[in-house]
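Here's a solo chain for you in structure tokens, the form predicted on its own.
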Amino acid sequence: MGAVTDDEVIRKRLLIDGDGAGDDRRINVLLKSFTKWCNSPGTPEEGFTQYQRMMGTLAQCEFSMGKTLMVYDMNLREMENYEKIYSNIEQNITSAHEKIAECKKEIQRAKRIRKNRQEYDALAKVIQQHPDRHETLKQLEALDKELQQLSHIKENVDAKLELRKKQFHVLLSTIQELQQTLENDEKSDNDDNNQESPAENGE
């Protein structure tokens, strides 16, 4: 025979003793009375009276047992109800954890969006400080025209400078030739003077 659990012992005890109002004692008294009634040599009137008492005691025990069974069934239903409530609470807790996790993700996304917006605003402010593309293209065209003009001016200046260099070179060459000619003339004059001097001395 298997071991009897505590729940079974308590259940049997409740079925016998009811709500603890002495049903166990009543059953013991009923058993003693029944044994005494069976072995009693009394008159039929006394036996009937004793029988009526036993039936009353038995009715009280049955009433207590029925009430105990109703309480027991009610406790079972309450336990089932509590289990359902506990299951619902567990589901709500799980759902709450999932919502909390989702809210944390939403907060992170919101923070990232806010950071991006702040960066966009900062870039927009920097962009607003600079001219737009149309204005920039106009400035580039103006600078390109100015650069072309400067290039032409540079070419003209370079040409003039090259011309001045050539003219200066020609001038230097002319000066050198003139100087050489002067030196030659001066030398020639000196030679002529030297030739005339002896003739005069002979006279």
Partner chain sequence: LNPTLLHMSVFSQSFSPCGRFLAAGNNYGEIALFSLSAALSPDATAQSQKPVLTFTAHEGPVFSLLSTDCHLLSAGNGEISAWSWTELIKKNVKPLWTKRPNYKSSLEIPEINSMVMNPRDNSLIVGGGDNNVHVLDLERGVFKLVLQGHSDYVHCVSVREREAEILSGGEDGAVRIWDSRTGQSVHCIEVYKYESCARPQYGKWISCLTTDSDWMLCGGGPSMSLWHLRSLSPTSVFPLTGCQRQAAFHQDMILAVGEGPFLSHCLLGGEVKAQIPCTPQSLNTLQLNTNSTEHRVLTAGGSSDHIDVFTNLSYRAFSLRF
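Remember, predicted model here, so these are calculated numbers, not experimental data. Positions refer to the first chain, counted from 1.
Another form exists, predicted together with the partner chain; not displayed. Remarks below refer to it.
Though the partner is left out of this view, E83 does not reach within 4.5 Å of the partner chain in the predicted bound form, counting heavy atoms only. Shown alone here, Q118 lies within 4.5 Å of the partner chain in the predicted bound form, counting heavy atoms only.
The shortest heavy atom separation between T94 and the partner chain in the predicted bound form exceeds 4.5 Å. Heavy atoms of K125 reach within 4.5 Å of the partner chain in the predicted bound form, making it an interface residue. Among the residues K111, R77, K99, K105, the one placing a heavy atom within 4.5 Å of the partner chain in the predicted bound form is K111.
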